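As a starting point, one isolated chain is supplied in structure tokens, in the form predicted on its own.
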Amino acid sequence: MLGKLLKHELRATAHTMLPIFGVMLLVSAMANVCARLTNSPGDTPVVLMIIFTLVVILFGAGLFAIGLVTVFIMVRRFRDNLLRDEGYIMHTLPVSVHAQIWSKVLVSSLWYAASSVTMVLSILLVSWDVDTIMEIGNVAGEIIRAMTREDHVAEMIAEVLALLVLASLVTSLSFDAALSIGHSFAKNKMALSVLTFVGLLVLGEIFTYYTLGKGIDYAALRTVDFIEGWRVTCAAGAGILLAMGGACYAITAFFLKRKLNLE
């Protein structure tokens, strides 16, 4: 049943997210073309300069807003489907609360990753020229050669990617946990959700500080080689993310099961 929920959730959110990403990439391409035209020899028409300025402003605003828009849409999707009127239907489906949570978390994390990729592609499109292509090719070649020569390079890249995926999942769970707590009250649900999210962030920072700051002997790490220290640091980071994600998941599941308030 989780697969069906994922398919439905992905299809429903794609109707909104894909056009946003497409518009962002289109604006980036337009900015690249305008930049080439304004840098061409000869006098640049005033109209073209105005268009170029507007496109650059739009690009900058879009680059800043795309992450926020993605978060807003995913948060609203979770709230509307499970914590408001639609919840009367969603919670009567023959699926568990856990399947409901995972469908939201996995799809949200996918779109968070997609928004990050879109931002990178947008920046590349704006600066796209022959020199940029050659530089990207050189960097990619160096990475491939390094992975061929040194096994730990591939390991480090895989560990970084795994931590990014885990961080995306924990971020989604933290939003869901805050919404679940805030919407268990009768009034001021969104305000309480925001306050709860801030509280969860503070608790997460405290936990991270006492785990990484106090729990790791950095003096001992200096006596081992770089790779061993890197592995210890990544393992500690993954452990913190798993603990925080597990706590947020437990909170979300508890409030959806025991403290659900759809009024």
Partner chain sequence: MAVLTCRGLTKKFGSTVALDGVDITVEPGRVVGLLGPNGSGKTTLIKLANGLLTPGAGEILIDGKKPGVETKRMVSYLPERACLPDWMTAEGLMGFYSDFYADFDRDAAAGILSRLSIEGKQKIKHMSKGTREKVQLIMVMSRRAKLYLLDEPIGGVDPAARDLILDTIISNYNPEASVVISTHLIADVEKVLDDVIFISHGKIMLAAPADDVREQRGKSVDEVFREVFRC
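Positions refer to the first chain, counted from 1. Worth saying up front: this structure is predicted, and the values here are computed from it rather than measured.
Beyond what is shown, the protein has a form predicted in complex with its partner chain; the following relates to that form.
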| query | Met1, His8 and Leu260: each with a heavy atom within 4.5 Å of its partner chain in the model of the complex? | reply | yes
| task | Indicate whether its partner chain has at least one heavy atom within 4.5 Å of a heavy atom of Leu124 in the model of the complex. | result | no
| Looking in the model of the complex, any heavy atom of Ala12 within 4.5 Å of its partner chain? | yes
| Does Thr92 reach its partner chain in the model of the complex, with heavy atoms at most 4.5 Å apart? | yes
| message | Given that its partner chain is not shown alongside this chain, does Ser116 nevertheless sit within 4.5 Å of it in the model of the complex, heavy atom to heavy atom? | response | no
| task | Work out which of the listed stretches, 160-168, 95-103, 187-195, 67-75, brings a heavy atom within 4.5 angstroms of its partner chain in the model of the complex. | result | 95-103
